[in-house]
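Each of two forms of one protein chain follows alone as structure tokens, named structure 1 and structure 2.
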Structure 1
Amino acid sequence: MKTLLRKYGVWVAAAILFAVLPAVFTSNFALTLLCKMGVLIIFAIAYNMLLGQGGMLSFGHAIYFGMAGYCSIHLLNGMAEGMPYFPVSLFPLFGALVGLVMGIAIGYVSTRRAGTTFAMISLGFGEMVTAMTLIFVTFFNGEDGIQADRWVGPEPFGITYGPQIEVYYLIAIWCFLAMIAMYAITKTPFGRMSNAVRDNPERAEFVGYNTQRVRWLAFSLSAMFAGAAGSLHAINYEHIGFESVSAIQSGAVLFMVFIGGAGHFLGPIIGTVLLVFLDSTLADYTEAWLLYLGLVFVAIIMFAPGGLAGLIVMHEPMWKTDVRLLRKLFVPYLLALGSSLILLIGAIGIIEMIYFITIIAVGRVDMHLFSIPIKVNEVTPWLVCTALIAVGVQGCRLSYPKVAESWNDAMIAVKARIAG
């Protein structure tokens, strides 16, 4: 029992989490947010199969997501007009087939090159498909996109997919199954060979593997799961438009994977949850939310290239060796976090005031900063924010070396205990 729990406990916990989330977050906004997260988790993990596992940076992976969505919408409309019925519950399989076929065709060409050349080819295909959505109006309907009604026929157990809660559980079930399938792929010999081609393609080719075929298969599987996500996206919104195949969608999933941690299976999940939440909530508080997302992305790339999941995994040797070592890091981490937070508050204050007087309300002086009414034409708020930045910078200069010192001491202790 303990062995089974250790082996499958995470998946059991994930299934329970998917089941109880709607009972915890009961508002319509929260349910909509959870549906969006579920769809994009599939898409992000699929993209991580390409980037994190296979080392292929794609700027056009949204075309498999979006094209599966378009085909799913057309299938919904066709069934409403008398086509043979295909269960809506199985639409992700249809979307996966669309993504797989496109992935095989485009991947055969794209994966003949690697590195920067592959990235440019993917960008070219992405721009081409985006242009097609605006040119071939009969199929794509231009900028307006296509709408459909997901309630088109009898589903098992009296399901109609009218209520959003039913759509949530459809997305949750397929998200859970896709996560299991993609995780299982990483543990196969193919998954390990994909890593080998990513890390050292010359050596993999020397021992007899066709690196282009490995990249092609990884590309096709990634496109297949992206297509499943695109089909769920179409069902969720009952609409698909050109933005779903555009560079914006490809860039968004790239952000999610990088911020969460490319190469770590948990990374895309963390990145998706964080970015979807920020995307849906920051816009209500600030007009400069895209700037903050960009700054977060730059900070992650510069200071934590392994992403948020990488930061978590760094501590694995400590909690496996002696959890007390983590406690010794608590105070240095707290001081560094406090200093960073002070610096961040001051910087946000300056950004918001500049944004207010130059873009939002030119000529006005009254605004709210952190729910505090201020006048931007007075010197006091500017001085306060500048002082916060100065204090935060000095705090970071003092606390960060302490973090590094404590970290090194903890790792020395880990090595000593392993050696002893």
Structure 2
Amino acid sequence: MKTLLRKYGVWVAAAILFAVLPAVFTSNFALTLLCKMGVLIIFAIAYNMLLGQGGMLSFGHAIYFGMAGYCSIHLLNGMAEGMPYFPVSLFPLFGALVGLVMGIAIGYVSTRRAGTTFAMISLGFGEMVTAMTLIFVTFFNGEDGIQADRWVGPEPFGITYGPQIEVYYLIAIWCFLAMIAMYAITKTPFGRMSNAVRDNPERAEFVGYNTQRVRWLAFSLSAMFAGAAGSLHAINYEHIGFESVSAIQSGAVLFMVFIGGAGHFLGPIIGTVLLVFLDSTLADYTEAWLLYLGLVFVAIIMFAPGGLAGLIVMHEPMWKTDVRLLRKLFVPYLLALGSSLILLIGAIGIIEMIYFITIIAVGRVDMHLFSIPIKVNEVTPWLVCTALIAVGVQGCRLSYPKVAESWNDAMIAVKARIAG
């Protein structure tokens, strides 16, 4: 019983979390947000099957997401006009089929090599499909996209998908199932082979595996789950537009997965929840939100290629051996965080002031920065922000080596504990 609980406890907790979330966050805004998160979590984990598990960087993965969405919308509209009924609850299966078929076809030609070649082919396909949305108007309907009504046909168990809460549970159930399925895949021999082909294709080839086959299978499966997500996206919004197949969506999922952390199963989930939340809240406060997002992305690539999940997992050996080891890290981490915060406040101040001058209020000088009233035409706020940046940079230079040192010390202690 205890081992069972330890093994599956996380999933039970996840299921309970999915079930009670709408009861905790009752507002309409929160419900919309949760639905969006659920859809994008499936998409992000599917994308990570390629990027994190398989080492393939795709700039066009939104194709499978978006095309499944378009097909689902057409199916909904077709049902309204008298096509045979297909239960709306099972739409993700239909979307998955669309994604799988496209993934098999496109994957066959693009997975012969990994790395840059693969990335460029994916870019080419992505741009091609985006261009097609404006050309094949009967299918894509150009920039307007297509509408549909998800309330069609018979109503099994009284589920109409009229109210948003029913859609939330549809998304939650499918998201839960997809998470289990994709997690299970990482544990299969195929999942391990996918990692091996990522890390050392030559050796994998010598062991007797066909690397292209492995990549192709990973690609097709990833496209399949992306398709399921796209279908839910279409049901959720009852609309699909060209941006959902375009580089915008492909770039968004890349940002979520990489900022969350491509090396860990939890990474895409953390990234999606964080970015969807920030995107819908911060965008109201600042014009510069997308600039900050880009800067964070670049900073993660340069300083923490494992993403946020990678930063957390770095400390796993410590809390597993002895939680008290983490105590010694506390002070250096606090110092580093403090100096980063000072740097951030200075940088954000300057960026916000520039935005204020050039975009928000051309000609006006009174603004609120961190709710302090200032005048942008005076020297003082600029000077203060520059000074903050200078202090922050110097603080980071002093504190981060200490962080690395204390982390190394803790690791040595862990190793000594294990050996002794």
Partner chain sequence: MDILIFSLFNGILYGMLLFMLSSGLTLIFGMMGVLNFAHASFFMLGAYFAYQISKFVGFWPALIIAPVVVGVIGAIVERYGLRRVHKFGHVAELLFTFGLAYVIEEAVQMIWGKVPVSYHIPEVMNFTLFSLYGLEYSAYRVFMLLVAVSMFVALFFLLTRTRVGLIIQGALTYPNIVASLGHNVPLVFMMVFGLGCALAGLAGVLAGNILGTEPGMAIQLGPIVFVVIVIGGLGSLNGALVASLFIGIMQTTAVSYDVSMNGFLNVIGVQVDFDSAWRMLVDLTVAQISPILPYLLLTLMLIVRPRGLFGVRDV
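Structure 1 provides the reference sequence; residues are numbered from 1 along it. Rigid core (definition): largest C-alpha set, two forms, superposition within 1.5 Å. Just so we're clear, the structure is a prediction, and the values are computed from it rather than from any experiment.
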Block containing the form predicted on its own is structure 1
Original post:
Superposing on the rigid core, does the Cα of Pro22 end up 2 Å or more away between structures 1 and 2?
Top reply: no
Expressed in angstrom, the C-alpha movement of Glu378 between structures 1 and 2 on a rigid core superposition is 2.5
